[in-house]
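The chain that follows stands alone, in the form predicted alone, written as C-alpha cells.
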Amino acid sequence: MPESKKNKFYKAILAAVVYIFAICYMFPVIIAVLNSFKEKREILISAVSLPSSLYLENYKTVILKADFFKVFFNSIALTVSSIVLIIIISAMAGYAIARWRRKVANVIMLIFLSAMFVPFHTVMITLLKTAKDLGATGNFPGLVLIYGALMCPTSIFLFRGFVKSIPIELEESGIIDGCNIFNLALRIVFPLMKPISATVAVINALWIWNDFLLPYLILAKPLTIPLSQMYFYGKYNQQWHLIMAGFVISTIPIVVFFFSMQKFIIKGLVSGAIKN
C-alpha cells in the first residue's frame, strides 16, 4: 500500500474511533433531550425511543414550579462573583510567584499545589464548622469566599505557568519607560493574561454552575439551579420528564459560555505550557 494511501487509511480509522467515542459520550445527553419532550408514562414505556410529539408542557412546569428565573439569576450572580474573585486573586498571586526569583517562591507554589490533592470530602466537616463560626453560612458572600479559597490553588498554578511564558523583556521595557510595579502589572502583564483568564473562568464556571454539594451545605435553600432540581425528586416517585427538562434548560447557558470561550481555552493552556 502506498504511503499516502496508508496515511489516509490510518486517518480514516482514527476519525472513526473519535466519532464512536463522541457518540458514546453524547448518547446520555441525547437521551435526556429526547425524554424532556415526553410525558412520564412514555418515558416508562421506552426511554430510548423518539418522542411521539413535542410535549412542551414539561418546560413550562419546570419554569413555574421550580421558580426557574429566580434561581437562574441567582446561579449567574454566584458564578460570576466567584469567578471575578478567583481571577483577581489568582492573577496577582500567580504573577508574583512567577516573577519572584527566590527559592521560597517554589516552596509557596508547592504549598498551593498540595492543596489540589486534598479531597474535598476530607475537609468538608471542618470547612462547614469554620463557615458557621465565621457567619459565612446562609448567604451568598460566604459561599463566594469559599469557592475562591477552594479554586484559587489550581488557578494560581495556571496563571503562574502562563506568566512564565511572557517575555521578561516586556516588563523591563516598561520599567525603562517609567512604569512602577502597579502600572507594569495593569497596563502590560494583565492585558496579556486574557487567554488564561478565559481558561480559568470556564474551568471554574463549569464546576460552580453545576455544583450541588457546597450550595446545599452552605445555603441549605433552593437558591441555585442544582438545588432547585431537588423539587422533582421524591422519596418514592421521581418525575423524570421534569428532571430531564430541567437538565436541558440549566445546561444551555453553560454550554453556550463554553463554546464562546473555547478558542481562548486552547490558547491559554498551550501558552502556559510553553515555558516552565
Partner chain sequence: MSAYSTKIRKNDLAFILFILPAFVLFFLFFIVPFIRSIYYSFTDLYGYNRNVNFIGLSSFLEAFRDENFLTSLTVTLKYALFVVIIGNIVSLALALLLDTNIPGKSVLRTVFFLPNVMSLIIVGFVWTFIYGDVYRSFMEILGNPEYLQISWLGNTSIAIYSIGITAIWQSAGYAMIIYIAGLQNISTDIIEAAYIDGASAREVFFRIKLPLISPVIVMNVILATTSCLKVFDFPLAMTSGGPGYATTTMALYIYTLGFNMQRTGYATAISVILFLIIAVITVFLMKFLKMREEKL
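Positions refer to the first chain, counted from 1. C-alpha atoms forming the largest set that superposes within 1.5 Å between two forms make up the rigid core. Source: prediction; values computed, not measured.
Another form, the form predicted in complex with its partner chain, is not on view; read the next lines as being about it.
- The partner is absent here, but in the model of the complex a heavy atom of Ile146, alone among Ile146, Leu78, Val71, Ala201, sits within 4.5 Å of its partner chain.
- The contact residue chosen from Leu150, Leu158, Ile87, Met193 relative to its partner chain in the model of the complex is Leu150, the criterion being a non-hydrogen atom within 4.5 angstroms.
- Under a 4.5 angstroms non-hydrogen atom cutoff, its partner chain in the model of the complex lacks Ile188 among its neighbouring residues.
- Interface membership of Leu170, defined by any non-hydrogen atom within 4.5 Å of its partner chain in the model of the complex, is ruled out.
- At the 4.5 Å threshold, heavy atoms of Met261 stay clear of its partner chain in the model of the complex, well away from it.
- In the model of the complex, its partner chain lies within 4.5 Å of some heavy atom of Ile243.
- When contacts are defined as a non-hydrogen atom within 4.5 Å, all of Tyr19, Ala22 and Tyr25 contact its partner chain in the model of the complex.
- If you take 42-63 and check each residue for a heavy atom within 4.5 Å of its partner chain in the model of the complex, you get Ile43, Ile45, Ser46, Ala47, Val48, in sequence order.
- With the core superposed, Val48 shows a C-alpha displacement of at least 2 Å between the shown form and the other one.
- Put the two forms on the same core and the Cα of Ile208 is off by less than 2 Å between the shown form and the other one.
- Taking 2 Å as the criterion, Phe27 counts as shifted between the shown form and the other one: its C-alpha moves by at least this amount when the rigid core is aligned.
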